[in-house]
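The same protein chain appears twice below, in two forms, each given on its own as C-alpha cells and labelled structure 1 and structure 2.
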Structure 1
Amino acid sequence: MEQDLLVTLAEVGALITNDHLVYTSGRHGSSYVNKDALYPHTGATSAVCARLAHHFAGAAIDVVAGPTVGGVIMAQWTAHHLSRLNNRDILAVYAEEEVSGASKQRSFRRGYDDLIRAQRILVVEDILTTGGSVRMVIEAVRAVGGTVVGVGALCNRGGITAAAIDAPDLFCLTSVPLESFDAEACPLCAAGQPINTRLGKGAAFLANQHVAHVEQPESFKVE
C-alpha cells in the first residue's frame, strides 16, 4: 500500500521536490506532498479514503472528523466508505481554525459539537509534518466530550508517532521521511533559493517579512 499511494500521488502530480516551500508550521523545506492535486480526482480520493475506512471498519466509529480544508474532503469519503462497510450511517464533520493573536486552536461549530459528544471519533488528516494540526483536532474532539478512537492519515512525512499526538492509534497510508528546517536556519533561504508562493504558506511568509522590513513613517514612530 505504501507504494500504491506514492504512485497515485505521483500520477496526479502531487510530489514536489527541489523547491523551497513554507509549511503550515512555519518550517521550510524542499519537498511538498501537494494533497490539493489529489482532491480534484474524486475516484483516487475515494480509493485512498476507502483504505482508511477498511483499517478502522471494526473500531465502531460513529463520526469521522477532519480539519479544514483538506480534512473536510477526507472525512466525507472516509465516512461514506465506513457507512457502507458497517451498514449504518457514520457521520462526517470538520473542525475550523480559530486564531487569537499568536495562538491557534480548532473547534467544531455549526452544531457539530452536538454530533460528537459521547461518540466514538475517527480523526482524519492528509499530511503530518509536525502533527500540530491533527493534535488540535484531537483536542477539539475531547473538548466537546468525544472519544478519539484513532487517527488515519494519508502521508506521515514527519515521523509522527501516536504518542506524539496523544492518539490511541495512528494509521498512515504512507510514511516518507522528508526534511524540514526552522525558518531561521533554512539552508534554502541562506542559498537565496526563491520561495514557492503558489503552494504552501510562502506568499504569507514573504508578505509578513515585507511588513516587518518596511520602515515606519516618522509620524507613526512611538518614542
Structure 2
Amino acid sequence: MEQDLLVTLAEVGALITNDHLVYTSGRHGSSYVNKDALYPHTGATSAVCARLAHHFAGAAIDVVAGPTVGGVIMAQWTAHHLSRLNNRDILAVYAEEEVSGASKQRSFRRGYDDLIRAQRILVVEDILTTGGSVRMVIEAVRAVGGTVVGVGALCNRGGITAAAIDAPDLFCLTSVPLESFDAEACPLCAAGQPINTRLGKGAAFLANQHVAHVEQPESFKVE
C-alpha cells in the first residue's frame, strides 16, 4: 500500500527525490513532498483520503478536523469517505492559525467550535514534519470540549510519533525519510549541486546568501 502511494505521488509530481532543497528549518536535503502538486488531482486526492477513512472507519468518528491550508482538503475528502463507509453524515471543519506576538495557536471559528463540542474528532494533516500544526489542532479540539480519537496523515516526514503530538493513535500512509544537513555542512552544496528555487525555501536562501556576500565599503579614514 505504501509503495502504491509513493507511485501515486510520483505520478502527480508530488514526490521529489535526488534534488537539492532548502527546508523551512533552513536545513538542506535531497527529498521533498510537494503536497500542492497532489491537490489539483481530485481523483488521486480522493483515493489517498479514502485510505485514511478505511483505517478509522470503525472509530465512531463524528467530525474530521484539519489545519489550514492543506488540512482543509484532507478533512473534506476523508469525511466524505467516512460518511459513505458509516452511512451517516460525518462533518469536516478546519482550525485557523492565530498569531499573538511570538505565540501561535489554532482555533475553530465560524461556529465550528459548536460542531466539535462533545464529539469524537479525527485530526488529519498532509505532511508531518515537526508535528506543530497537528498539535495545535489537537489543543484547539480539546479546548472546546471535543475528544481526539486519532490523527491521520498522508506522509510522516519527520519521524513523528503519537506520543510526540499527544494523540491516542497516529496512522500515516507513508513516510519519506528526511535526511537533512546544516547549510554549512551540506554535501550537496559541497558538490556544487544547484539549489531548487521553485520548491521549499531555496530562493530565499540564495537571496540571503547574495546579500551576505555583497562587499561593504571600507570605512573612511580620518586624517
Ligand SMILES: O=P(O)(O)OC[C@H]1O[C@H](OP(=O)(O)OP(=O)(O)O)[C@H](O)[C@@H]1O
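For the two forms, the rigid core is made up of the largest set of C-alpha atoms that agree within 1.5 Å on superposition. One-based numbering along structure 1's sequence throughout. For clarity, every value in this text was computed on a predicted model and none was experimentally measured.
The form predicted in complex with the named molecule appears here as structure 1. The rigid segments shift between structure 1 and structure 2, and of the options Pro67, Val151, Ile116, Tyr32 the one at their hinge is Tyr32.
23 degrees is the angle through which the smaller rigid part turns against the larger between structure 1 and structure 2, based on C-alpha superpositions. The shift recorded for the CA atom of Val22 between structure 1 and structure 2 is 5.2 Å, with superposition on the rigid core.
Taking the core as reference, the C-alpha deviation of Ala190 between structure 1 and structure 2 is 9.3 Å.
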